[in-house]
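Only one chain is given next, in C-alpha cells, and it is the form predicted on its own.
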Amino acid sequence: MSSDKRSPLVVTIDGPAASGKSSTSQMVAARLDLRHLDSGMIYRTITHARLRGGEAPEQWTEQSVLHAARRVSVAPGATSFTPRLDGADCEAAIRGDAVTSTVSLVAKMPHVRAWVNALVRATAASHAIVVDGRDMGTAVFPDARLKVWLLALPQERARRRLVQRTGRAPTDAELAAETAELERRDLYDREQTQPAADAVWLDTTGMTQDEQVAKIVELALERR
C-alpha cells in the first residue's frame, strides 16, 4: 500500500445519495493502490445490528443505536474493508431493503456519527485510503490532501441507480418515482451533506465513470 512519509494518504469523496461515491471510490483506490473505505457501510452495519433487536425504528433511542454500534468493526482486505458484526462478515445482510429504508435515521444521530467518524479516523491512521461518505472532507478529515465533492442531477442519479438495480433502462414512471425519492433523501440528508470549502467539485451528470475516475486519479497524483 502506498503512503506518505508524514501520514497515510487520505482522499475523501463526498456527495449526495446515489452520486456514485462508492463505485467511483473503489475504482480510484484500485488505480492509486490504496484501500477503499465506504463510511456508509458502517452506518448500514449499525442499522442492521439495531434491526436485529426487534423493535420498530420509531422506538429506537440514540443510546440504543450507539450500544448496537459497539458490536461493529471493519476488517482490512486486499483492496477494501469488510463490515463485521460481532466479528462476522455481514456484507450481504446490510444491502437489504430494511437497512436501506432506515439507515438515514441512524446517520442523523450525532453521537452515532461521532462514533463512526472516530472509527474511520482510527482506520486511516494505519492505512492509506480513499474514503467516501457525507462529511469525510469536513468533520472527519479536514486536513485531507484531496477532497472531492461528487454530484449529478437527481434525475441522472436516479437513472444510474435504476440501471444498476434492474440491469435495464427505466420506464418514465420508475424514473419519476426514483427521482422524487432521491430529492426527498437529499432534503433529509442536507444537514450532513455539505462540501468542504476547499473541495474540488466534480459534476458527473455528463461524464462516464471512467472519465470521473481518471480526473480524480489525476488530482490525487498531483497532491501525492
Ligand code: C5P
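The first residue of the sequence shown is number 1, and the count goes up from there. Please read all numbers here as calculations on a predicted model, not as lab measurements.
Quick note: we don't show the form predicted in complex with the ligand, though the next part is all about it.
- Stretch 134-142 is the contacting one of 121-129, 147-155, 74-82, 134-142, since its residues have non-hydrogen atoms within 4.5 Å of the ligand in the predicted complex.
- The putative spot formed by K21, S39 and A107 is fully lined by the ligand in the predicted complex; each residue has a non-hydrogen atom within 4.5 angstroms of it.
- At least one heavy atom of D189 is located within 4.5 Å of the ligand in the predicted complex.
- The closest heavy atom approach of H111 to the ligand in the predicted complex falls outside 4.5 Å.
- Though the partner is left out of this view, V103 does reach within 4.5 Å of the ligand in the predicted complex, counting heavy atoms only.
- Looking at R185, you'd find a heavy atom of it within 4.5 angstroms of the ligand in the predicted complex.
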